[in-house]
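Both blocks below hold the same protein chain, though in two forms, and each is given as structure tokens: structure 1 and structure 2.
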Structure 1
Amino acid sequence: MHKSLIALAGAVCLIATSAAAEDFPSKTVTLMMPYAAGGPGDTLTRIIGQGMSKVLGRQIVVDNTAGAAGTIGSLKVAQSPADGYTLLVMHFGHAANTALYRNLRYDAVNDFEPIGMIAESPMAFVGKKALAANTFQDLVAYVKANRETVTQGHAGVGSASHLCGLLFQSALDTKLAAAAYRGTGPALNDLIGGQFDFMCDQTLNVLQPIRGGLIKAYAVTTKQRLAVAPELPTASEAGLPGFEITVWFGLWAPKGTPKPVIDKLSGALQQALLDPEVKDRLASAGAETVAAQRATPDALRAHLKSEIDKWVPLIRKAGVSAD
């Protein structure tokens, strides 16, 4: 009798979960973007939110809870009800923060349910106009010859530019003086003003000053040259074989969100990424949508693990901490 009651209770829960998923969403869904409004991540979040809203038939709003390299907003999602109505859009910092923060109040893997990858944004190496190096090969040689005095800028600990810089230093087996800023805007302003030597940042942020002749451009960090800047070689072809890094974005729900809800959200994400308008708008924002098979829970789960395996040893070796 006892076993029968347990089985009955399990069946009731399963039916209730399935019914809830069938009705999902019955109200507004919130996408948490844990960085400030107006940045590349915010732009991407709003584009994909509008695309998914069309598929789901419900309004999707964006919540910008910024601070501490995205960890404040990420924690807010981890502590939200596991019902699919509060989701996290986060970039590769979700992996890096596991090493940057010794006292992180959530587990990037175990406190979230992956929904799928969204897009990837390339990066580029740029320098001040007065820098002696004119090509990427020149830049590598210049850094090696002047490692005691050269300065590399970034937009803050845990930012894409910071992590790209760490990877560059690791590739050259050196440690450089850092010019750290609170955001890409101030960093670029000072690079244009010649206050430090070079940096690596998302192409979305640097293409305009490159085209305006305000800074020098050296190379992109993708496997292939970019259609929007075909004149720029890849770092791999220009002197650092295998040097590749993109700012990827993924979508997560709180741990325990029912699988039928996750599946519905993942399906909506995949459909949105196939929408020509979404693809075009993301491309204009400097991001490339991922293939449908990467916009799945399993693909994001595997990718996050590989990124943690990549960034944690590198950050710990560099002795960098955000705490």
Structure 2
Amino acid sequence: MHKSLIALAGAVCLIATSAAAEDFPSKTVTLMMPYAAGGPGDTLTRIIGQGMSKVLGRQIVVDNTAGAAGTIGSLKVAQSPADGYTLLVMHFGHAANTALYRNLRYDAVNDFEPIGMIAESPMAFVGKKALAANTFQDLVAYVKANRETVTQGHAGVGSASHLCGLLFQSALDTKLAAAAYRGTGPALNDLIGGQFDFMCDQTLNVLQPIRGGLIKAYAVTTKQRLAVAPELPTASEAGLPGFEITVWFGLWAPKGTPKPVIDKLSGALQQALLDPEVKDRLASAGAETVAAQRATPDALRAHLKSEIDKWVPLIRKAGVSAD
């Protein structure tokens, strides 16, 4: 009797889970982008959200709970119901923050279910219009000559803009004053206003103001020059050989989200990545959607592990921590 009751309970649970997945989504899905609205992460999240909304036939909204380089919003998702209605869009900071935040209140691997990778964005070094540097070589020389006064903007310790700055400063063997923001959306406004000297930010955010002549552009952080901005040299060719950093983004659900729901979300993500409108809007900002086989739970799980293995020793060696 006892065994058959357990078997019955298991069968009922299985039927309930697959029924829930059948109906999923039956209400609005929230994408958490844990940086301020108007920045590169927010731009990417809204583009992919619109693409997934078309596939799922449900409204998708964005929650910009920002602060502490995305760890506040990430915790909010980790503590959300595991039903597929609250998801996290985050970049490689999800890996780097495991080394930067000693008191992290979630486990970046075990408190989330990976859904899939989304896209990758190059970064670019940009400066205020009044900065007395017109080339990347000028910027390097200017920073070396003014290391006590130069200010570099970023989106908080552990953000992509901060980590690119960390690599730049260690390449120049210097430490610079920082202007920290809740995202590089607000940081860009202040750079345009001349409130600080330069920053390294994702092309998703800075390509348009560069084209509009609102800020100076010095170099991109990719191996090759960008097809959308061939006039910009790579940092590697312009004086820092081997300097490369690309920002990848992934999509996660809270731990315990049923597999049929994860599979449905991964399928919707893969279809959205093939949507010409999604691809074109990201490509026009220099970003690139990943191939469908990388927009899967296994691919994101493996990539996050390799990124944790890469960033943790780098950050420990740099002796940087956020708390």
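Numbers follow structure 1, counted from its first residue as 1. None of these values were measured; they are calculated from a predicted model. For the two forms, the rigid core is made up of the largest set of C-alpha atoms that agree within 1.5 Å on superposition.
Comparing the two isolated chains, structure 1 is the one taken from the form predicted on its own; structure 2 is not. Both F112 and Q271 fall in a single rigid part of the chain as it moves between structures 1 and 2. Between the two rigid parts, the smaller one rotates 24° against the larger between structures 1 and 2, as C-alpha superposition shows. With the core fitted, the CA of A132 sits 10.7 Å away from its counterpart between structures 1 and 2.
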